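As a starting point, one isolated chain is supplied in structure tokens, in the form predicted alone.
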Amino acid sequence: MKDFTNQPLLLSVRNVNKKFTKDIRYNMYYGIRDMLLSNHRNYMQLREKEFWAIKDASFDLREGEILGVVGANGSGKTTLMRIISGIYNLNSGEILARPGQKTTSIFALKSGMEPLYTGRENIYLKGSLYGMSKEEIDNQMSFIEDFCELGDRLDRPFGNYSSGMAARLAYAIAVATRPDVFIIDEALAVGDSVFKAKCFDHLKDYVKDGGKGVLFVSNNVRKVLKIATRVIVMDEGEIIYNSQEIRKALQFYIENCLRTLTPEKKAAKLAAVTHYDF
């Protein structure tokens, strides 16, 4: 197993906190109050109906790493990735990256794609949403065509695509942005096995290209086991485990998910998970 601790940093997440409000009415009230009393806010104090979605999260991503991010539903994985992507503001902490570093995030593969446009027209649409110019998209068109393997179906309406075809195209466009940090949040949950294998092989080669790293968010233990070089485990907004020992980290994740069960039920479920996922 390669040790990445001496590799140059791509991303450093330091003591990041993010809180949300359970009730939209309170959310609106707090928003107005914070604008009027901006000098009197205490970001680290929870108010009524507020909760910590991310609590004191810290980790590094280094060149060449594929960092697996796992945790039960609601553990804060996607929220943390959206903070890193700049979709959400953080309440405190900092995210450090190299100047000019490009981050591409995939949360919903079909987001921004128009069903009435052809696949090829959607390449220009989605590419522009990623910040690509027409010239950049033109230069990457042959790569996208080759990678998605859709052939003449690229000139058919996107709305007629199967979920697997849509995943092929959307993923190919994202890869064509050639990001320094590539965030993949459950984006490879659909599509056929052959294309998924192609994506995983491509990611492994991609991070070898110098200055590249991947944040791979998935609860599919088998996929993480095959592709990750390190794993962090999240629970209730906190990072509770961080290790290069992939199998050990995934075992910890599963046992943490089962921690509230009786010993008998825990043993039975653990045996089932181990049988199907490891």
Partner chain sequence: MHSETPEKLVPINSWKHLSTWQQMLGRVKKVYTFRFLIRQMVKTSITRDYKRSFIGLWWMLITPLLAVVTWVLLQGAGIMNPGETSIPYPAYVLLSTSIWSFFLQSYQVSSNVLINGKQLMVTTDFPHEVLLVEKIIIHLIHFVIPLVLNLVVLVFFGVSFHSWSILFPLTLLPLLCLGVGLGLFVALMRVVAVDFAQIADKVMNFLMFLTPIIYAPKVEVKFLGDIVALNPLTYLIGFSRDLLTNGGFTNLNLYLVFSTLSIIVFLLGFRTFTKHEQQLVERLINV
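Positions refer to the first chain, counted from 1. Please read these numbers as outputs of a predicted model, since none were measured by experiment.
The next section is about a form of this same protein that is not shown, the form predicted together with the partner chain.
Participant: Partner absent here, but in the predicted bound form, which of 120 to 128, 148 to 156, 68 to 76, 195 to 203 has residues with a heavy atom within 4.5 Å of the partner chain?
Facilitator: Within 4.5 Å of the partner lies stretch 120 to 128.
Participant: Which listed residue (Val207, Met132, Val181, Leu188) meets the criterion of a heavy atom within 4.5 Å of the partner chain in the predicted bound form?
Facilitator: Filtering the options by heavy-atom distance leaves Met132.
Participant: Quick one: Leu169, Leu225 and Asp235 and the partner chain in the predicted bound form, is every residue within 4.5 Å by at least one heavy atom?
Facilitator: Not a single residue of the candidate spot has a heavy atom within 4.5 Å of the partner chain in the predicted bound form.
Participant: Tell me, yes or no, whether Gly31 is in contact with the partner chain in the predicted bound form, where a contact means a heavy atom of each within 4.5 Å.
Facilitator: Yes, Gly31 is a contact residue.
Participant: If we define contact as a non-hydrogen atom of the residue within 4.5 angstroms of the partner, is Phe252 a contact of the partner chain in the predicted bound form?
Facilitator: Output for Phe252 is no: heavy atoms all beyond 4.5 Å of the partner chain.
Participant: How about Ser243: is it within 4.5 Å of the partner chain in the predicted bound form, going by heavy atoms?
Facilitator: So Ser243 does not count as contacting the partner chain.
Participant: Quick one: does Trp52 come within 4.5 Å of the partner chain in the predicted bound form, counting heavy atoms only?
Facilitator: Trp52: no, not in contact with the partner chain in the predicted bound form.
Participant: Does any residue in 51 to 86 get within 4.5 Å of the partner chain in the predicted bound form, counting heavy atoms only, and if so which ones?
Facilitator: If the 4.5 Å heavy-atom criterion is applied to the partner chain in the predicted bound form, 51 to 86 yields Ser58, Phe59, Asp60, Arg62, Arg82, Ile83, Ile84, Ser85, Gly86.
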